[in-house]
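Coming up is one lone chain in structure tokens, specifically the form predicted alone.
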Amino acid sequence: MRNPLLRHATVCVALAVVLVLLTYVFDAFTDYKIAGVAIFFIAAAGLTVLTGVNGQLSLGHGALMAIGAYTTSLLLKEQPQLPMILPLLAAIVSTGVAGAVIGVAAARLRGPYLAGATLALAVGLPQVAVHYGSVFGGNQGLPVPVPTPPSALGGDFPNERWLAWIAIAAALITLFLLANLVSGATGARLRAVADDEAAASLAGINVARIQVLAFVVSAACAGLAGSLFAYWVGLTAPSGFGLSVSLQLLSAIVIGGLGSLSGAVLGSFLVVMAPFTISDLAGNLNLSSDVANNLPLALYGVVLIVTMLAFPRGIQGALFSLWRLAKRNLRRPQAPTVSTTA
């Protein structure tokens, strides 16, 4: 298809059908993990636009997710019966505004200074919830009710499957919007600024505006992911949005393939599924709790190092290279065989 909009819509609809059907095949716990992959993809896709496409390194996306989660929790604390769409939209707006404020400051920072500023945000923002415990619940956090499926789906419809459907829908809408953004004129401006700010400015691109736009888009995605994360966990607490979340998101986009939305899918799948697999492995090996708790982080580091050394373009880049190699070998003409007669 030559029309990118139609092509992206077709891919998203096909993925929606496949993923929804898969939720009927798997058990409730697997549906729960599918929802987690979709949630982390939303945040990782936004970070891909900011870091992979626009070149602004952020170590504070866990804090932006916290803004979205606390926005949702505070709304539900006052109005528990709110339709789910309203807290989700409120989280997108609140983190988008926060992203605009951060983006204005970030537009003046480069390299390690930007990384340091966002790192301070990731470390400091969750502590606000502890300091103002009467509002944000302190270390105990704020409970978030489990979203219940509509009665039309039946009384025995699993809550995990319903949440997985919502997360899948949000992830595919995010994928559709970001894919069109990145493949269009705005995406070209984002890449131009990442490649050479001076040349982009001479070409008539407002560098600061593009950088702020990238932060707003990325923050809005993180806010949506944070809101869904609150529903997924059932609790919004400072411990759920520590520095490790920001590092997991950064690992996801690097391992999956920096600058690639499909790579963000692969990286999110690995980030969410690996801890469950490692926990099962630690249980089977009867490892101590200290070793089992630190094993996922150690394996993250090993996988990240191996990926950067063996596959500099990430998993998506490696798969693309293998696909091109296979196509080239299939198209290569075979040498004619010469038959000899005695």
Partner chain sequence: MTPVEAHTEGNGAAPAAAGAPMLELRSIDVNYGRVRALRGVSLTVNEGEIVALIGSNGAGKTTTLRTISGLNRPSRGEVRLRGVPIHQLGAERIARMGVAHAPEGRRLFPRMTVRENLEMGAYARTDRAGVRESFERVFTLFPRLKERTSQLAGSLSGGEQQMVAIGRAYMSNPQILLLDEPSLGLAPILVDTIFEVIREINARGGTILLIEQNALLALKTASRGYVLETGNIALSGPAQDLLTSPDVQRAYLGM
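Residue numbers count along the first chain shown, from 1. Since the model is a prediction, treat every value here as computed from it, not as a measurement.
Beyond what is shown, the protein has a form predicted in complex with its partner chain; the following relates to that form.
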Ok, Gln140, Asn206, Thr148, Gln127: which has a heavy atom sitting within 4.5 Å of its partner chain in the model of the complex?
Asn206
Go through Val37, Val53, Ile315, Ile67 and name the one with a heavy atom inside 4.5 Å of its partner chain in the model of the complex.
Val53
Asn180, heavy atom within 4.5 angstroms of its partner chain in the model of the complex:
no
Heavy atom of Val97 within 4.5 Å of its partner chain in the model of the complex
no
Residue contact check: Lys77 to its partner chain in the model of the complex, 4.5 Å heavy atom:
no
4.5 angstroms heavy atom contact with its partner chain in the model of the complex for Arg189:
yes
Exactly one listed stretch (271 to 279, 301 to 309, 45 to 53, 26 to 34) reaches within 4.5 angstroms of its partner chain in the model of the complex by non-hydrogen atoms, and it is 45 to 53
In sequence order, which positions of 177 to 200 have a non-hydrogen atom within 4.5 Å of its partner chain in the model of the complex?
Ala188, Arg189, Arg191, Ala192, Ala194, Asp195, Asp196, Ala198, Ala199, Ala200
